[in-house]
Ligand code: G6D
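Before any questions on binding or motion, here is one chain by itself as structure tokens, the form predicted on its own.
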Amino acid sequence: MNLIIYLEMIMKLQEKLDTLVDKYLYSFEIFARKEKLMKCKKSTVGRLNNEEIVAYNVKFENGFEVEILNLGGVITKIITPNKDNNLENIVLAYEDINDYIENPYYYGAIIGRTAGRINEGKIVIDDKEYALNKNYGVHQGHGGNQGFNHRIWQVEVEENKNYVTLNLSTLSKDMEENYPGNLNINVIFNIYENYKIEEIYKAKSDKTTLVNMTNHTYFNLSGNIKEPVTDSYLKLGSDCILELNETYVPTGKKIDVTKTPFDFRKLKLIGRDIDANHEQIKIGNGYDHAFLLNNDKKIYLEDKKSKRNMTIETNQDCVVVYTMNWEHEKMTYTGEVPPIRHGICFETQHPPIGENMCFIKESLLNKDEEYMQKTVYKFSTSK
């Protein structure tokens, strides 16, 4: 073969090789840039029946990280810095993903159609009596046997410059858990880079029904469940709580918090009065009560060691504060079963429905009207 022809062939092959390399490098650069820009990543972490359990992980460059499952809308991670800028998880979560299928303690879950107990599972709507499924002894609780914490939600993701939106949607069919009406639900999580989460609940029914949704995340600002929540400080704008009977449902009576263990109108150590000699404390084995919120509707929690704090604002008229007063049996991500009082829930909602259907009006949703609940969580560190 002529040497000149041979050299020309070599040069053409080199040109093709250079072109392929350029294309590869360009594609890799685009992929790397996209990966850097992506704030939300999806991963399949398990299966429920024939459906995938998917984790949606939102992470910003400052380290703020939130992870939510399509199963029950469960929050498994809220990672924030402490005073030394150490990033830790400030919520309780199971070690085994399969524990969320049953989720006996409702870790991080969306609760619905109704939060809390409904006395004897009996309600009357438009002069018709409904017998709701009883899963809390003689009462119905947290939506029944198959509440919203047990279902796979549809999830749409929208990434913006400083925040990510996860829009969860589902349909609760007419007479599911014996609730009337086909109920279309959206639960929207707006997760902001500046350590803020907005949780917005929307629902509409083709029949008058009950809706009283909330979130059941157990918080522990010490980070990675290191300390009991009794070591944290709480401020809560509430002048009265709802009295509970011995089966944990409201009697309809309100109790003034003045000079009681339930007065958190000034910042107070949670553990100070949690074992006080008070009838309502004995019933709950601690705090497990509905606080009626004052006009500002703010809740403030602070951990003095880590200097982490959390402010909650809501449009709801009530918050159930639960200090994890009973032993759990499931392992958390720490590799241990958490001791009692190592988590605290703030279940913003309408009052639970108690004796003689007291407070049922607050949870009634008329046909074709829209239910809207909004709760905002802001995380920071104190000086």
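What you are looking at is a predicted structure, and each value in this text was computed from that prediction instead of being measured. Numbering starts at 1 and runs along the sequence shown.
The form predicted together with ligand G6D is left out here; the points below concern that form.
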>> Can you tell me whether F264 touches ligand G6D? I mean in the predicted bound form, with a 4.5 angstroms heavy atom cut-off.
In response: no
> Should R117 be counted as a contact of ligand G6D in the predicted bound form, where contact means heavy atoms within 4.5 Å?
Replying inline: yes
> Can any non-hydrogen atom of Y136 be found within 4.5 angstroms of ligand G6D in the predicted bound form?
Replying inline: yes
>> My question is simply whether R151 lines the interface with ligand G6D in the predicted bound form - judged by any non-hydrogen atom within 4.5 Å.
In response: no
>> So, a 4.5 angstroms cut-off on heavy atom distances: do all three of F219, D317 and F346 pass it with respect to ligand G6D in the predicted bound form?
In response: no
>> Exactly one residue in Y195, F189, Y248, Y94 has a non-hydrogen atom within 4.5 Å of ligand G6D in the predicted bound form; which is it?
In response: Y248
>> So ligand G6D isn't shown here. In the predicted bound form, which residue out of Y100, Y233, Y105, Y163 has a non-hydrogen atom within 4.5 Å of it?
In response: Y105
> Which one of these stretches, 270-278, 71-79, 210-218, 250-258, sits within 4.5 Å of ligand G6D in the predicted bound form when only heavy atoms are counted?
Replying inline: 210-218
> If you look in the predicted bound form, which residues in 353-374 sit within 4.5 Å of ligand G6D (heavy atoms)?
Replying inline: none
